[in-house]
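Below you'll find only one chain, the form predicted alone, shown as structure tokens.
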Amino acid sequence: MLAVGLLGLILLSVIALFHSLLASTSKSNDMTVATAMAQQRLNELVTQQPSYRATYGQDFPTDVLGQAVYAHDSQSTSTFYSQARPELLKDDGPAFGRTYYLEVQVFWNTPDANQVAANRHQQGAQSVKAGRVVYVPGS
């Protein structure tokens, strides 16, 4: 009877360990995908910047974009959201241009960037940021 009880306790410990490892792997996958998406969106914003002024009336769009990705397996998708946050560092006028710090945040489990911290109870970080300084030449 004691051996069966001990075996049960060991099995429960092993199951809990595997559950923890699975959650850790899932979290790692999310962080990897989000980091790649942040870099990709940042590159797209920089390379396509000349067309944004005509389209959006600003140097960089700040709307939230959602993208479904097969991050964990080939059967189900996870939706990742990205948002650009340009911060004007220096404006030298229309003849010379503007310098921005452009930051892209990618988050998941909520489409609202302000809710990311509220949804992270026992799940750790659910967002990734990437940024760079960008010069936008004047017209």
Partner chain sequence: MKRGFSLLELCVSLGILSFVLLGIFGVFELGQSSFHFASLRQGLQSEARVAFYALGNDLRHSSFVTVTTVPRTVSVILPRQESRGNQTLDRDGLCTAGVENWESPGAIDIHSGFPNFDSFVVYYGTSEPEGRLIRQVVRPALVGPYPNAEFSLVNSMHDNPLANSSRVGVTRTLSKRLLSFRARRDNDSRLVVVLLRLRGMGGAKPGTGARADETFELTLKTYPENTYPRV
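Note that the rigid core is defined as the largest set of C-alphas that superpose within 1.5 Å between two forms. Residue numbers count along the first chain shown, from 1. The structure presented is a predicted model; accordingly, all values stated were derived computationally and were not measured.
Not pictured, yet referred to below: the form predicted in complex with the partner chain.
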**Asked** Among V4, A36 and N43, does every residue place a heavy atom within 4.5 Å of the partner chain in the predicted bound form?
**Response** yes
**Asked** Picking from 89 to 97, 55 to 63, 28 to 36, 102 to 110, which part of the chain touches the partner chain in the predicted bound form when contact means heavy atoms within 4.5 Å?
**Response** 28 to 36
**Asked** Hey, in the predicted bound form, is H72 touching the partner chain, heavy atoms inside 4.5 Å?
**Response** yes
**Request:** May I ask you to state whether T79 is within 4.5 Å of the partner chain in the predicted bound form, using heavy atom distances?
**Result:** no
**Message:** Taking the partner chain as it sits in the predicted bound form, is I15 near enough to touch it, meaning that at least one heavy atom pair lies within 4.5 angstroms?
**Reply:** yes
**Asked** Just to confirm, L21 within 4.5 Å of the partner chain in the predicted bound form by heavy atoms?
**Response** yes
**Message:** Could you check, with the core superposed, whether the Cα atom of V133 shifts 2 Å or more between the shown form and the other one?
**Reply:** no
**Item:** C-alpha of S13 moved at least 2 Å between the shown form and the other one on rigid core
**Value:** yes
**Item:** Core fit, then D63 C-alpha moves 2 Å or more between the shown form and the other one
**Value:** no
